[in-house]
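One chain comes next, on its own, written out as structure tokens in the form predicted alone.
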């Protein structure tokens, strides 16, 4: 009798543990309801009590005073005090000092001597500013020409960049979207803003400006321009902001296309581990295995390459002060990210960035940060998205009915599979894997990104929305 009692107690304890574990698992993996979200928070200077928004749209033309270019050249002309790389080391310890010296020399002696040409290139796309929620927002706005609009269905598109990128990433991509092609039945009226705190857009003046707030400002910008419904495309932070926008404001989003398809929910992490060991049960072809298998090595690489994330998520003003005060430091910090993103076959090669992106494109992007002293304000975005207020929203666990398309480039961050994405995007319409390309797809492979995006739009069928 005593043995039966002991056995019953053991069974009861085991059952309680299993039951509790099931409840915890269910609580951590179930979809969450869409939160109510304030869509008019004031982020400008002062308390905003008497705020009267200026709804006008102003032309923007980049016109940097020559004195500012001369001052930059003088700063770059100072003797560099760089430690020599270790023997046999290329970029394993960070951006190579010899390579940095060469970039600085080219920046000073070649690039800046033709600044008028580079500035004219920046101004080839029509740009504007308008005030949204107390912040002056800079944006590219390229409309479709009349003869194209007569032949194609024109759809508004919000194009979102990330860090350490800028609107400069899209200068080869945007013209493709506007032109008449035989690939698509659509042409796109493109709006590509500088994110808040990036480029020529104002920065928030108080803590709390996270990806959900950024999504709100971007949505309100589109409403200001008269677009109640629009497509969204983004990578890096632009992907996360686009996901938040599709989640919080699904009635405004016709479709959301991402070239950085990641999910960080507990369920998604468990599924990624399962796929690592049993890919044949989830992935339809072995060609996709490299994107998902070897997850522990991929996580190890993420840890190795995410030191910048930790400092920007905790002390962005410290690193920002150093970068905003020194163009050479800014170059080393940002160029190292572009170098890493050239992919494992090239990222130890001294000519990788020239091969993959082109030297002028990389330096153009660097100038966006330098001219606006944006290292600090852009870096703060990491801190705001790591804060408890944003984490508590758990927007990755809130489903959205918005049609979603995913393009996975081989050398980008480890992506979510369709199996994972459907937990968040049950209306997943398009999924593609590329065996080449990386994090800055619009800059590196604009034609492939264009083809994938237009394929997604064809699949969702907009029917003159």
Partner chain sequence: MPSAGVTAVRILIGVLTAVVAVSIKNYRDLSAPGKRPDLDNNEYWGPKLKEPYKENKAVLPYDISVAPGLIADLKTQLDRPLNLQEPLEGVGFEYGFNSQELQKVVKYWRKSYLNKWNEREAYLKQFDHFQTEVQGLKIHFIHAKPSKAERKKVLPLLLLHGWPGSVREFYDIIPLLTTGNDKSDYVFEVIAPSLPGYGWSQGASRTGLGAAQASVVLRNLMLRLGFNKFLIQGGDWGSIIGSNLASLFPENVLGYHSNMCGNNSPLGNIRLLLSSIVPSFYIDSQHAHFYKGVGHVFRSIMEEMGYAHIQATKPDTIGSALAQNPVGLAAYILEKFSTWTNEEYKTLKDGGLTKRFTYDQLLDNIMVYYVTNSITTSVRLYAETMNPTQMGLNIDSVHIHAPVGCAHFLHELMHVPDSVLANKFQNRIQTTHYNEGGHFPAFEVPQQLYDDFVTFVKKAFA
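Numbering follows the first chain given and starts at 1. Model, not experiment: these values are computed from the prediction.
As for the form predicted together with the partner chain, it is not shown, yet the points below apply to it.
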- Task: Can you check 394-402, 413-421, 41-49, 429-437 and let me know which stretch has heavy atoms within 4.5 Å of the partner chain in the model of the complex?
- Result: 41-49
- Message: So, a 4.5 angstroms cut-off on heavy atom distances: do all three of 111, 121 and 364 pass it with respect to the partner chain in the model of the complex?
- Response: no
- Query: Is the gap between residue 204 and the partner chain in the model of the complex 4.5 Å or less for some heavy atom pair?
  - Reply: yes
- Although the partner chain is absent from this view, report whether residue 307 comes within 4.5 Å of it in the model of the complex, heavy atoms only. yes
- Residue contact check: residue 94 to the partner chain in the model of the complex, 4.5 Å heavy atom: yes
- Task: Evaluate residue 131 for contact with the partner chain in the model of the complex, applying a 4.5 angstroms cut-off between non-hydrogen atoms, and reply yes or no.
- Result: no
- Report the residue, out of 264, 325, 355, 285, that has at least one non-hydrogen atom within 4.5 angstroms of the partner chain in the model of the complex. 325
- Item | One residue of 359, 225, 254, 319 in contact with the partner chain, assessed in the model of the complex (non-hydrogen atom, 4.5 angstroms) | 319
- Note on the structure: Looking in the model of the complex, the residues of 80-96 with a heavy atom no more than 4.5 Å from the partner chain, listed in order, are 80, 81, 82, 83, 84, 85, 86, 87, 89, 92, 93, 94, 95
